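The chain below stands alone, shown as structure tokens; this is the form predicted on its own.
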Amino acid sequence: MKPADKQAYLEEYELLKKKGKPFFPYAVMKDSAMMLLVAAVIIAMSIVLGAEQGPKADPTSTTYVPRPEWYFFFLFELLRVIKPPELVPIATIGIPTICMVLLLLLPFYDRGPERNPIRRPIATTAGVMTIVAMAYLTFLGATGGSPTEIEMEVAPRYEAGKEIVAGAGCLACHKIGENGGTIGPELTHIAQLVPRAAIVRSVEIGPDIMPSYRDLPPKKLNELADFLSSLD
């Protein structure tokens, strides 16, 4: 913007500012009325529609699949994309914090008087890219499968065993491929360390804090053992 145009803009702004109404009580009254209206709508919806209640929490369950609220789906999907554990703090703390700080400091480093989005390509591009990225990650997080799924290609004869392992909650403690916990030993290459008979025995007994799966039907137990014994 040329200096003459900037000076003309500032003069026009001061003139309109003097003709306008003060922030208090006019703007405060409007904001307060809208706030009360939104609160009344929320209260009415909660009374009429009620709140969704899930099943009672079971701290002993190993098959529970945590899912965030819809407005955290983008961060949930970001964690699915960023696999290495050492990068998890960057995804959960670093990126959101940096974005929030940049947003809070926006009035200090973007002091240009221009308001036309076309004439502010950097700010407009950054805003559009942010909205598109969050919308895309939110869509992927809403439609993505369970985080306990075993993302590993196996032979067709091992698919049944893979589904049993995923459904039994083994990934709550054991890591297989890119997914899973770290409480128990990693099972990605378990066949190189433990023979099939020992795998079956461990599943039946449940050593240490591992729960016993002796109640599994023999067919499912064999399919589970076949899958685990193929992980070499």
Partner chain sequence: MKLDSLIPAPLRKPAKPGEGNGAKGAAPADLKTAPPERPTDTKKLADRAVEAPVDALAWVDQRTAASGFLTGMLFRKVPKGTNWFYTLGSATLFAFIVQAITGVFLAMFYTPSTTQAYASISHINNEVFLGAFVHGLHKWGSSVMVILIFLHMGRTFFFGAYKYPRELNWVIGVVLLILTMTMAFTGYLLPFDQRSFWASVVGININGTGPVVGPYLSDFLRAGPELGATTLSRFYAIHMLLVPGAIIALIGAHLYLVVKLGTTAPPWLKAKKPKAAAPVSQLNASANGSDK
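Positions refer to the first chain, counted from 1. Predicted, not measured: the structure shown is a model, and the values here were computed from it.
Quick note: we don't show the form predicted in complex with the partner chain, though the next part is all about it.
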Would you check, heavy atoms only and a 4.5 Å threshold, whether Ala135 touches the partner chain in the predicted bound form?
no
Any chance Ala123 has a heavy atom within 4.5 Å of the partner chain in the predicted bound form?
yes
I'd like to know if Leu10 sits close to the partner chain in the predicted bound form, meaning any non-hydrogen atom pair within 4.5 angstroms.
yes
Is Asp110 part of the interface with the partner chain in the predicted bound form - any heavy atom within 4.5 Å?
yes
Is it the case that Asp31, Leu103 and Leu106 all touch the partner chain in the predicted bound form, with a non-hydrogen atom of each within 4.5 angstroms?
yes
Based on heavy atom distances of at most 4.5 Å to the partner chain in the predicted bound form, which listed stretch, 203-211, 47-55, 190-198, 160-168, is the contact stretch?
47-55
